[in-house]
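Only one chain comes next, encoded as structure tokens, the form predicted on its own.
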Amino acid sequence: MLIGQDQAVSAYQQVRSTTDAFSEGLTAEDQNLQSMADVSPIKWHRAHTSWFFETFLLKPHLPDYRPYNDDFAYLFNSYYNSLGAQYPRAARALISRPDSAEVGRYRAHVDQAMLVLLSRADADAERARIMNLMILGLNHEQQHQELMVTDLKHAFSHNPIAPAIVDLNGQDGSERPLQWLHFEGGLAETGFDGDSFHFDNEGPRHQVFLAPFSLADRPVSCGEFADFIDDGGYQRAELWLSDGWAWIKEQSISHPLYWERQDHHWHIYTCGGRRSLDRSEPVCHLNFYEACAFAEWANARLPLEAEWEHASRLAGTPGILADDRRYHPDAPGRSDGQLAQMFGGVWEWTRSSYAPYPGFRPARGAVGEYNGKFMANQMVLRGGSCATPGGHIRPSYRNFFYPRDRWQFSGLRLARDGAAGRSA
């Protein structure tokens, strides 16, 4: 999709300024925290997203571009093996220099050069290539904006004074029974459909056959998960996958991440600090094993990613329900015929392994390392979370993490085979 120069400049500046605004309220010490190998310091995120534009756009497409610092090619390469070696991921907090102020100067250097590049792209073919790479870079930076929130939250959670970042945990304030919506299934299409931006792992669009299924009208709540804990959920081996049972025994796990009991009541650490548990809000920071165990306890299962996408397209948006006979808004146990909180609440675990769609081929060159090489041993999540930037969520978006990962805003929505005729 080719966009105009003014539109490109505006989009670029908006995304980059959002990253800068998040870091402005953080100290240099905040920006260098790294609490485990899976998270990265805020300073590293800021530098890496600039490295992306420098590496994939400025160096190959702006002939007179001079890198800010040649050493940054090694320090801030994440996992692009075709571009050279990378500094060890688990040791990123040891990179005290460049400091956060110099990373800011690096970002300004890249921004200035990018504006020059966008103004010079005249030939249609070259301009299309530059615009497509820029849009990929902006979406890549939005992914890192989400990681900046989740990574800093994990780091701050180790501080006994429970520092606040910003409160992202929305509360609807109403605890209501979970209800079911029925879908007939049949032959369906899944994958991205359109001419706007999407990541390569969202396609090609293809047909799938779905058996009849039912989907819960909302995500599982904190209150429901607290009931699971009170019923001995973390002590009952029959509820857990073998790897999950080994994980909770190995790590002595007895509750979700950021939960703790105080005076016989659950409290949670949020981006707004520590507070008492709200039973009505969606439970989050679960890993795949915890989600599967809860589903087993609830006499349900996790949805397949194709079921989730199919349902979100049919019943996730008002105005598209009545004309589709594959969806039954009058099924027993229905709520208001609407799937609530499908997008932007919590990432919802599915039962689908992260694998290529039929016909998938990664792009040529280093940019092809973006998604395809990770298609093994991970599970798919759908829907986006409260930390996902606005405009970055769509029905076909495929997030993916390892089954043990739970520092993301990850929760679950229940599914069942066939028609579920009663409330859960």
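Residue positions are given as counts along the sequence shown, with the first one as 1. The shown structure was predicted, so the numbers you read here are calculated from the model rather than taken from an experiment.
The protein also exists as the form predicted in complex with a further copy of the same chain; that form is not presented, and the subsequent description refers to it.
- A heavy atom within 4.5 Å of a further copy of the same chain in the predicted bound form is found for one listed residue only; from 119, 207, 196, 112, this is 207.
- Interface residue among 242, 262, 254, 276, judged by heavy atoms within 4.5 Å of a further copy of the same chain in the predicted bound form: 242.
- Remark: residue 353 counts among the residues lining a further copy of the same chain in the predicted bound form, judged by a heavy atom distance of 4.5 Å or less.
- In the predicted bound form, at least one heavy atom of residue 71 sits within 4.5 Å of a further copy of the same chain.
- Heavy atoms of residue 345 never reach within 4.5 Å of a further copy of the same chain in the predicted bound form, leaving it off the interface.
- By the criterion of a heavy atom within 4.5 Å, residue 300 is counted among the residues contacting a further copy of the same chain in the predicted bound form.
- Annotated contact segment (heavy atom within 4.5 Å of a further copy of the same chain in the predicted bound form): 151-159, selected among 151-159, 125-133, 214-222, 277-285.
- For the three marked residues, 21, 185 and 272, no heavy atom of any sits within 4.5 Å of a further copy of the same chain in the predicted bound form.
- Residues from 368-396 that approach a further copy of the same chain in the predicted bound form with a non-hydrogen atom closer than or equal to 4.5 Å are 372, 373, 374, 375, 376, 377, in the order they occur in the chain.
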